[in-house]
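Take a look at this single chain, the form predicted alone, given in structure tokens.
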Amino acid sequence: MKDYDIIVVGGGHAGIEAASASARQGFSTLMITQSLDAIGRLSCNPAIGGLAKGNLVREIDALGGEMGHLIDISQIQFRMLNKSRGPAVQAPRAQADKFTYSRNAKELMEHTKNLELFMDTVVDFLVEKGKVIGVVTERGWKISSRAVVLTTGTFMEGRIFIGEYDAPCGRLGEMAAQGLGKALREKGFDVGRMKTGTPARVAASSLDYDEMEIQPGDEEIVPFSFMTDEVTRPQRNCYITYTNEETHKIIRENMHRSPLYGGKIVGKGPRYCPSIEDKVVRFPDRERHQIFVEPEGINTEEMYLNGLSSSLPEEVQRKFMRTLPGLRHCEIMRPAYAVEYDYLNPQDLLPSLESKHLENLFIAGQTNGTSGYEEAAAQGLMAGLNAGLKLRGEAPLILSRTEAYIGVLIDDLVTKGTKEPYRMFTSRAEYRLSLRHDNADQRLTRKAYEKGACDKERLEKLEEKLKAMDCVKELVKSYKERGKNGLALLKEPEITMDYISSHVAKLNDYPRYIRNEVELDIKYSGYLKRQEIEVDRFLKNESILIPDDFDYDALEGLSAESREKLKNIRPHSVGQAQRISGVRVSDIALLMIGVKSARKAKESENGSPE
């Protein structure tokens, strides 16, 4: 096999973004995956986006990524969540035709310039002088590269569980990637186990829809990609049903047969997406739990039971599922199951997602302890981009918590770590009002272009949008009423852009999304200015950089806990050090003094700057 600049291990959502980000920068890239037919597979929920997750998808797109485009050309229902609430917590979500999504993802990878695909399983790394220089595959290939991006998802030493049955799989019917977890342990990596699960898929023709609530999509479809002008895909309904006391009784009676409660599974499961067994145990007084019945595609019988994941035996699954309205005659096509897999401690990563243990190895996705396609894709994009920047000898692109949900995600992982599958929420982002899904391009596209992560067409699209927004603002300003111009009027809660548009006809020449974004900028300008003050305060400590070779042992007065955590994580700034759990405020004060002293000493050695 020939040499490559970058090898990406895995063809899931993190792998897709990593490989395309690497290839877009002009690096010869090889994606190695166990199955070419499983590239971009929606393993669990056939949907993209959601609260905070939709923001991540739009940020991925703004940075030149692929997920927004892929969902735009494969979606079958769109909904803007939290429309009745403030803009900071609104987010797009779309059901996908999962087969169309995966097929388009594979075709995209096949036609990406500088990218090659290869079907095999990576079992080890080639290492020389503390640097990764390639990979070893199950079939014996030794393939060299200058950097590697690891995105194994749930496949590294994966094992699925259905009642008493278990097997080495990353997904039902797909073999686990065995050998790599052991190799990483032998190389000194901190490897743990995590657990996730997925519900059963049932035949659409076996359901009684009259017994369920209809959940239609929105009439107005907002594209995920800033490069998509319009989505014209056919739309499908989803449905809602509920568990009941009979459901819970059957589950309680068979709890001893669950591998979750029988001790077979040791990995920690997702707190915010628990199995139905977890729900029954954790919420014993809850009379019912909401279940969403969602189509997996336009031309498939399979329906996804969102909220009903389980690892109970198949006959028990059938029994409790048939107690739900609309599911009383359901036929299971694929059973629910739990999957346990190896993950790596994300605190062992630099903010660029490069490993501290092995230079030029970048790690992304569920391998870092996250859950969700969107979290995985965001990490994959940044890992692939930063791997390329490292090879070019340039500084990595590290997004701040103040400028992107992606920044929040990665900072949380590398600073705080995680002992359970990490999921993004709007509440994790302190500056969420300025991190709206609609302005992701304004926040990130110029940065992406400067780093070679996206093409000029995307930048030009942003510049056209900004010009249009300026024109809209001028038209709004031209309207006068009650001695106020339109900009002042729009700050009043009862005045909307539609109201002003009814008086200024030229405003209707501009797309609704442009008018909406201008309206939000104007209405929340006061809040945003106050948030800017908070951001400036945050960035002050972020700008105090800690040298890579800073000697924490020489810093007198540090508590033992703080010293241990600072040495382990080695934060790149005082701001990051402040966010490490268990590090005291008094120790941060000592750290600031120590960093300033170290800087002065270095300046004295090198001569004072002019």
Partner chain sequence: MEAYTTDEPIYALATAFAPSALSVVRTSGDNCIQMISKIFSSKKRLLEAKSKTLVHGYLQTLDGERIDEVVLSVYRKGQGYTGEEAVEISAHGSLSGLKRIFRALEDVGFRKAKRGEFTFRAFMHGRMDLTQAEAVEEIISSKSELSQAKALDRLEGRLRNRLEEYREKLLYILSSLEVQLDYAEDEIPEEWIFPEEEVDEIITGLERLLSSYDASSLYRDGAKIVLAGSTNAGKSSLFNLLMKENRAIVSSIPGTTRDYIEAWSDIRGIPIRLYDTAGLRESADEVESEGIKRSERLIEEADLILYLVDPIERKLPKEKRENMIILYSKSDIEKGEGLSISSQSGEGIEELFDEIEAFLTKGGRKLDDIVIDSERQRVELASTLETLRTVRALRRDTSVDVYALYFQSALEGIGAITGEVTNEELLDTLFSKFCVGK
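Since the structure is predicted, the reported quantities are computational estimates derived from the model, not experimental observations. Numbering follows the first chain given and starts at 1.
Although it is not shown, the form predicted together with the partner chain is what the next lines describe.
A.B. asks: To test your reading of this chain, name the stretch in 347 to 355, 444 to 452, 87 to 95, 195 to 203 whose heavy atoms come within 4.5 Å of the partner chain in the predicted bound form.
C.D. replies: Result for this chain: 87 to 95.
A.B. asks: Give a yes/no on whether N568 approaches the partner chain to within 4.5 Å in the predicted bound form, heavy atoms considered.
C.D. replies: Looking in the predicted bound form, residue contacts with the partner chain do not include N568, since no heavy atom lies within 4.5 Å.
A.B. asks: Is Q578 close to the partner chain in the predicted bound form, meaning a heavy atom pair under 4.5 Å apart or at it?
C.D. replies: Because a heavy atom of Q578 falls inside 4.5 Å of the partner chain in the predicted bound form, the answer is yes.
A.B. asks: Is Y261 a contact residue for the partner chain in the predicted bound form, using a 4.5 Å heavy atom cut-off?
C.D. replies: Result no; Y261 lies far from the partner chain in the predicted bound form.
A.B. asks: Quick one: does V585 come within 4.5 Å of the partner chain in the predicted bound form, counting heavy atoms only?
C.D. replies: So V585 counts as contacting the partner chain.
A.B. asks: Which residue, Q215, S478, T228, S144, is the contact with the partner chain in the predicted bound form, using a 4.5 Å heavy atom cutoff?
C.D. replies: Partner contact (heavy atom, 4.5 Å) among the options: Q215.
A.B. asks: Out of D210, E219, E287, E494, which one falls within 4.5 Å of the partner chain in the predicted bound form, going by heavy atoms?
C.D. replies: Answer to the contact question: E494.
A.B. asks: Mind listing which residues of 35 to 55 have a heavy atom within 4.5 Å of the partner chain in the predicted bound form?
C.D. replies: Read in sequence order, the lone residue that approaches the partner chain (within 4.5 Å, in the predicted bound form) is L51.
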